[in-house]
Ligand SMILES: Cc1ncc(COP(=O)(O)O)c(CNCCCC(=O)O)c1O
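A single chain, nothing else alongside it, follows as structure tokens in the form predicted alone.
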């Protein structure tokens, strides 16, 4: 809940969506901001907290997006605001590489403690998820003295040149922006719903195929790092078949390859655990984090084994704003909130509610001649449905877009995703009241019925 005047936790529509004031602001945006900066829903927010976003027209929308998995602790969470406000009054910047401060060290200590594994760790702080991934590659290359980087089908890792190269999907992320960095290689991922020989064969076959590509086409001895999202975000919330991640991690360990878990979207209680790779007991060598780390302020991190993190020479890591003191204060407040409010438990409860309702919808619309839910998937508060055309598994991006549009019109913020554009993804704040969760699912069900 907001640290200021609490927002009523209700859906309230007083205008069409978007309203006239939002439309005026959108016209200003079109005249001031380049077309490449798109907008999913041109509703201009004035306040936010709990499970709602309030716009400039006075509408209150249910939030199933969390700013793309950022406001896990809710917008303007009390501890985040209190700590950030205190830090704002003290100082806003010195550059940690010039004259350091305790907040950076404290965040590093927290991440060293919270991330999987009981080995000695180090953490470096940055500004964004893409920057964290870039630095993970730098660190892995410095440690291994190798250059190749292996990523996976359907993966997403950012919008910088290197991370565009690491990312699988072309539109909208890569089209027209090349050439990209060299020494990037893509291998199959265990996508159970679309594995040709069936989900039961997916983990073993996908791991074998990925390892064969690495050994035969790249050479394991040339690979610095393998980078994977434990649940693929922009790719469509694909949860690799059980056994796939441990197999890849074991192969990496056996061949001196740094295993990097990209937990930028999955981390900080989003899946009902601090980090998604914990689900199968995978302990990464390096882990990249951002999004939910600081309650909405820009901060990112690379955390990993001390001997790997220390491989880069002094001055080789850093950046002017990396580990900004206000963002560090916010992160400490966010982590405090995650602990005190048991947000892992709350994420698990959200998952129980959403998966139950969505599977019921899948059954209800199984015989629809217009749209069908091919699969319901996800963990905790990171849930998705993949939509397909009746009679098979052909992706249905048109129906996906239509359902999202219908939800938006009724005051429910939902996001789409997926390599084929046919996935509705749900990322509610972990502090969302259960009545709003239920109401949002009611709106979604009505949208399915109306397609």
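Note that the structure is a prediction, hence the values are computed from the model and not measured. Numbering follows the first chain given and starts at 1.
Only in words, not in the display: the form predicted in complex with this ligand, which the text now covers.
The pocket of the unliganded chain is judged open, since this ligand, transferred from its pose in the predicted bound form by superposition of the C-alphas around the site, places no atom within 2.4 angstroms of any backbone or C-beta atom.
Residues placing heavy atoms within 4.5 Å of this ligand in the predicted bound form fall in a single listed stretch, namely 229-237, out of 366-374, 203-211, 229-237, 353-361.
Looking at residue 330, you'd find every heavy atom of it more than 4.5 angstroms from this ligand in the predicted bound form. Taking non-hydrogen atoms only, residue 68 approaches this ligand to within 4.5 angstroms in the predicted bound form. Mapping the unseen interface onto this chain, residue 265 counts among the residues with a heavy atom inside 4.5 Å of this ligand in the predicted bound form. Taking the partner from the other structure, this ligand in the predicted bound form has no heavy atom within 4.5 Å of any heavy atom of residue 112.
Only one of 380, 129, 103, 322 lies close to this ligand in the predicted bound form, with a heavy atom inside 4.5 Å, and it is 129.
Contact annotation: of the candidates 93, 159, 119, 253, the single residue with a non-hydrogen atom within 4.5 angstroms of this ligand in the predicted bound form is 159. Residues from 165-184 that approach this ligand in the predicted bound form with a non-hydrogen atom within 4.5 Å are limited to 173.
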